[in-house]
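Coming up is one lone chain in structure tokens, specifically the form predicted on its own.
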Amino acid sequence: MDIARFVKRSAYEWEIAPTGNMRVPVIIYASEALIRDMDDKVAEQAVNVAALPGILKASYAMPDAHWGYGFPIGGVAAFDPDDDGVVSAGGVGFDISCGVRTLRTGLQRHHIETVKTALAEELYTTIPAGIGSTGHLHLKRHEMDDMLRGGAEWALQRGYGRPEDLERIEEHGCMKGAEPAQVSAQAKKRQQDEMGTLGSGNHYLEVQEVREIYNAAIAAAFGIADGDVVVSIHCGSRGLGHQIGTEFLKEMVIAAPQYGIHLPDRELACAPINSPLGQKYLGAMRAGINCALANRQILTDLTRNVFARLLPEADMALLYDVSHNTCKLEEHLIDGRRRKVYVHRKGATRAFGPGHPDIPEALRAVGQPVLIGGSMGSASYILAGAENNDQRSFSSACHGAGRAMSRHAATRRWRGRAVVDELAGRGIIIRSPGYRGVAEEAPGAYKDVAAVVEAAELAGLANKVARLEPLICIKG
């Protein structure tokens, strides 16, 4: 990216001042090396977001930002519903409430070495993964609507999981305000056999080892220590979320002129928050959030069952579950007063700082866990929301490494079988229904996640707590 148009506010904060139709500046948090490696489209899309009605403070991009649909992936923007603010389906994305959930096993690496291969095979045969993957659940219409209203609470009532799980999930496992009636029959049809499945793309289930602790006090509060084995699950709302996004983007493009909205990019299709269309989308999107929360809850139960069979001594307590494709009503301090605003996070993780009332009480003093996914062959990280980050990014941080090349380019450069063999040589077991998906997600197709996480910390967005290395990866 050409950085000539940026003003360098600090070593990790870069600004594009408002010009033309921009209502607010663009702020990108990144090192100089990361920002130079970003596609020019990141700045172009962030500038377009800065022109949307009702946007507050700035159009933000996280250190892992890359070109997305409308909004850059890694984009954050907040809107005031009482000042013509809009909600954008492109600002949430197609995989509504895609997120990461991490479980503590209570074991260390030596406990699983003797059953590592068997564990990989059992997880692979138990966890449906891949394009169009289906699970053992088939939801009838009334069951689908109950799930879309209830989220992880619904899954718990169906016998999936433990009551204490809900305390460690965003929104306590159930997003209020969901309206299943606003979700199309086609979206529900796509989802009726997909509950409890990983899907494809960058989704995965990983068994990981804690290799390094950066902050012993926060790690202790999170219940993790050097050498611990954890399990991380990365997935979202599957076909239902994609269908919601597809349908509302089309509807918002058509409706924009009647609301007097000039779209700098059709992919930024949006509607006023308080309009009938805006409210309709929010009801459907919240249902999509509940779908993702229920999906990860079911996958958690399936994972616990595998560990119970092979490693019955495993505890499998939930550390945290946090999404990175959402729009939520939150209270933030803006221009000296508290305001309720709609925060879009697309490929960005909520990262509330210490003391925030929405953090579980046991973790509140140290900040919200921020779960950062790596790739099959690179580290993942656990961070904690930093103090005062609400003033920097509406309490947001990065969500992963961020792609460095397209999936098509990755398949031209790597062969899936070779990637699997190379990682096996490093002691990482990969199980996937197809080699093409492995090639698309080759570790080299992503940015340096360590550099991304370092930038997030030095920019004051989140504090590093632990580095995790993959042992087993079930890949969609």
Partner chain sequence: MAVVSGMRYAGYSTRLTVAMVVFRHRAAPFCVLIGAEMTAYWEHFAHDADIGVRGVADSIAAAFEQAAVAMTAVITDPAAVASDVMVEIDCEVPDVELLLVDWLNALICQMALRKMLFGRFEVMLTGTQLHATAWGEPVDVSRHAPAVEIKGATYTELKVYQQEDGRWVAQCIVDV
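Residue numbers count along the first chain shown, from 1. Every value quoted in this text rests on a predicted model; they were computed, and no experiment measured them.
One more form of this protein should be noted, the form predicted together with its partner chain, which is absent from this view; the next part is about it.
Option touching its partner chain, based on a heavy atom within 4.5 Å in the predicted complex, out of Lys41, Lys57, Arg431, Arg415: By the 4.5 Å heavy-atom cutoff, the listed residue in contact is Lys41.
message: Please tell me which of Arg266, His110, Arg309, Lys340 lies within 4.5 Å of its partner chain in the predicted complex, judged by heavy atoms.
response: Here the answer is residue option Arg266.
message: Within 4.5 Å, heavy atoms only: does Met405 come near its partner chain in the predicted complex?
response: Although its partner chain is absent here, Met405 would touch it in the predicted complex, with heavy atoms inside 4.5 Å.
- prompt: Does His356 make contact with its partner chain in the predicted complex, using a 4.5 Å heavy atom cut-off?
  reply: The answer is no: His356 has no heavy atom within 4.5 Å of its partner chain.
task: Using the partner position in the predicted complex, report whether Lys250 sits within 4.5 Å of its partner chain, counting heavy atoms only.
output: Lys250: yes, in contact with its partner chain in the predicted complex.
message: Contact with its partner chain in the predicted complex for Arg162, defined as at least one heavy atom pair within 4.5 Å: yes or no?
response: No.
query: So which of 27-35, 405-413, 48-56, 420-428 is the stretch with heavy atoms within 4.5 Å of its partner chain in the predicted complex?
result: The contacting stretch is 405-413.
query: Should the three residues Asp95, Ile131 and Gly201 be counted as contacting its partner chain in the predicted complex, with contact defined as a heavy atom within 4.5 Å for each?
result: Judged in the predicted complex, Asp95, Ile131 and Gly201 all sit within 4.5 Å of its partner chain.
message: Under the 4.5 Å heavy atom criterion, name the residues of 282-308 that approach its partner chain in the predicted complex, in sequence order.
response: Heavy-atom contacts within 4.5 Å come from no residue here.
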